[in-house]
Every structure is written in C-alpha cells, then in structure tokens.
Ligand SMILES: C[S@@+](CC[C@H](N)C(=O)[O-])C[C@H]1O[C@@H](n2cnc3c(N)ncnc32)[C@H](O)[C@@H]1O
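Starting off, we have a lone chain in the form predicted on its own, written out as structure tokens.
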Amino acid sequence: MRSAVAACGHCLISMTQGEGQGMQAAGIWALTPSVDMSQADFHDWQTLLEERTGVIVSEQRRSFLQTNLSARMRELGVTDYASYYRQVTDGPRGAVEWSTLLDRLTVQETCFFRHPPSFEVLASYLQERLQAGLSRPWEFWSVGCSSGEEAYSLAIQAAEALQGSELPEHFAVTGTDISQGALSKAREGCYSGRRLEQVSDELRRRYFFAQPDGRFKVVPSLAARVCCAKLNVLELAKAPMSGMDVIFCQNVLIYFRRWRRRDILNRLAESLVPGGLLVVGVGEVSGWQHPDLVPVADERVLAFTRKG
C-alpha cells in the first residue's frame, strides 16, 4: 500500500491526486464520457477495496474511482460496473485483472527524503546507534514504499552514517508495497530530476548515475542493499519482517479507519528490536500509545523508540 498498501501514497491506493491524474491514466479513453456509477455499484466497489486493501474511498473520491474504473472497462469492452466487478472477483483470471486495476488506482507520487525532519531524526538516531557499537547489520523497513524513493533514501542515510566505519555496508533496506507496478519501478531505481529535488548535489554524485534521458539511476552498490517485495499491510501478521532497527510508515495510515491504523501500528511496534525507531507521518494518527514505545521528543515528527 507507502506497498503494504500502501500505499505515497506510497504504495497505497492514493486518493489525493484527484481526477486530473485519473483522466491522464485513462489516456484517449478519457475523451469518452464515463459510464454512470449507481449508488449500489459504488457501495460494492467501496466494500471490495476496503476488504482487500483496507483503503476507504469516500464519496468525495467517487469521481476518481469512476474515471479509472470506466477507463479500464473500455479497454476490456465491458459496459457496466457490475459485470467488471464480477470479472475482477472471479477466480485466477480475476486475480490477474485485480492486480492490473490496483496499479491504475495507485498514484505513485513521492520523492527522495520526503519530510526532511523525519530524516534528520533518523540521522541523529543512527549516529547514536553507531556510537553504541555496531554488533550486527542494521535492518530498515519502508512500509508502502511506492516506487522506491523512501527505501533508497533510507539506504543513503545508512550509507552516510556508516561511511568511514569498518563496516560501511552493514545495513539492508526492505521496501514493501501492494502494487506490482510500483515495485517494478522501485527495482529499476531510475528517477526523474524532479524526484531528487531534495537530494544535495554531493549525494546525487555519490549515489546516482546520470542517464542520457535526463533521469538518474541508483548506483549498483546502493541498490544491492535494497530489496522490494509485495505486501499488503492488512497481512502484516504474515510478514516475515522482524527485528527491524528502523521502520518508516509515512503517508500510509491516512487511508484507513482509525481502528485499523492502531492495529497496523501495533504490528509494526512488535517488529522493532529493543531500541528500534518507528517513524509515522505527522498527523496520520492521534492518541495512539503502545506500552513498549516512547515518543521521540521532537514536535516536527511523529516517531517512537522501543524500550530496552
């Protein structure tokens, strides 16, 4: 979903970009008026999306959903939402179509070092950990990694912290998302200059190769430290990730019901090592507490460390 749904919406179903991107995704099909969606159809699709991804599609996002569904329906020659619903939910073929549709509904709009204060807190945290001694490789997790910018940002931060140490590559980053399309982009590791606006010239020279088409590709030595895998945040109980030193879960939780946000955060807290750091998007959850976590004393961020 940030993936895990993820969701910048990491790899989630992001409903923040509006109908403009939905029309762009539809291509020439957008020139044809959308098929009207009945209230019953809208309810069915709302329920399906929440059951499978946890994401809530509000009435305000109805036009976004209708535009993207109808565009895909035209490509397939399907004339009504109910028929397409049956197709998406019908066995193995439906699973394949669902995956295609999910990529259409996923807005992969993010950038490197999004929300700088979170990465400043991370940098300080890693320096403290390094001073305490590096007994084993650091493990990082980007939940809802979308097209990979956050995962590679974590890798850059780790590489910078370990630069000059005896173990400069003593870290690994896992990025998870629900969208296969987003994960493919993450694995490619090639980005436009706009996505790197918050990357300094020095870091850009150190960790990226300029491409003939104007994009920038992550250097192999850094890419080797990053692994991207498909994961739905509703299935965290089945996730193999545990003993994580750092978990970033930003721009993911805002798409879920409050009780589900708390459930996700409880699962992530359990995945941290003692002393580990959990960073959540500012304003994405309020009033949540965990008996094993202590809030980071920085009003610019929403972050916690695990006791012990």
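Note that residue numbering follows the sequence shown and begins at 1. All values derive from a computational prediction rather than experimental measurement.
Only in words, not in the display: the form predicted together with this ligand, which the text now covers.
(Q) Under a 4.5 angstroms heavy atom criterion, identify the one residue in Q157, N232, T174, Q87 near this ligand in the model of the complex. (A) Flagged contact: N232.
Q) If you check L268, L65, L277, V55 against this ligand in the model of the complex, which one has a heavy atom within 4.5 Å? A) Comparing distances to this ligand in the model of the complex, the residue within 4.5 Å is V55.
Q | Residue stretch of 70 to 78, 126 to 134, 143 to 151, 92 to 100 approaching this ligand in the model of the complex, non-hydrogen atom distance within 4.5 Å | A | Selected stretch: 143 to 151.
Q. Is there a heavy atom of I178 no more than 4.5 Å from a heavy atom of this ligand in the model of the complex?
A. The answer is yes: I178 has a heavy atom within 4.5 Å of this ligand.
Q. Any of the heavy atoms of E139 lying within 4.5 Å of this ligand in the model of the complex?
A. Although this ligand is absent here, E139 would stay clear of it in the model of the complex, with no heavy atoms inside 4.5 Å.
Q) Might K185 be said to contact this ligand in the model of the complex, defining contact as any heavy atom within 4.5 Å? A) Outside the cut-off, so no.
Q) Do R104 and this ligand share at least one heavy atom pair within 4.5 Å in the model of the complex? A) R104: no contact with this ligand in the model of the complex.
Q: Using heavy atoms and a 4.5 Å cut-off, decide whether R114, Q250 and F256 all contact this ligand in the model of the complex.
A: Checked in the model of the complex: all three residues contact this ligand.
Q: For the stretch 83 to 103, return the residues whose heavy atoms include at least one within 4.5 Å of this ligand in the model of the complex, in the order they occur.
A: The stretch 83 to 103, when checked against this ligand in the model of the complex, contributes no residue at the 4.5 Å heavy-atom cut-off.
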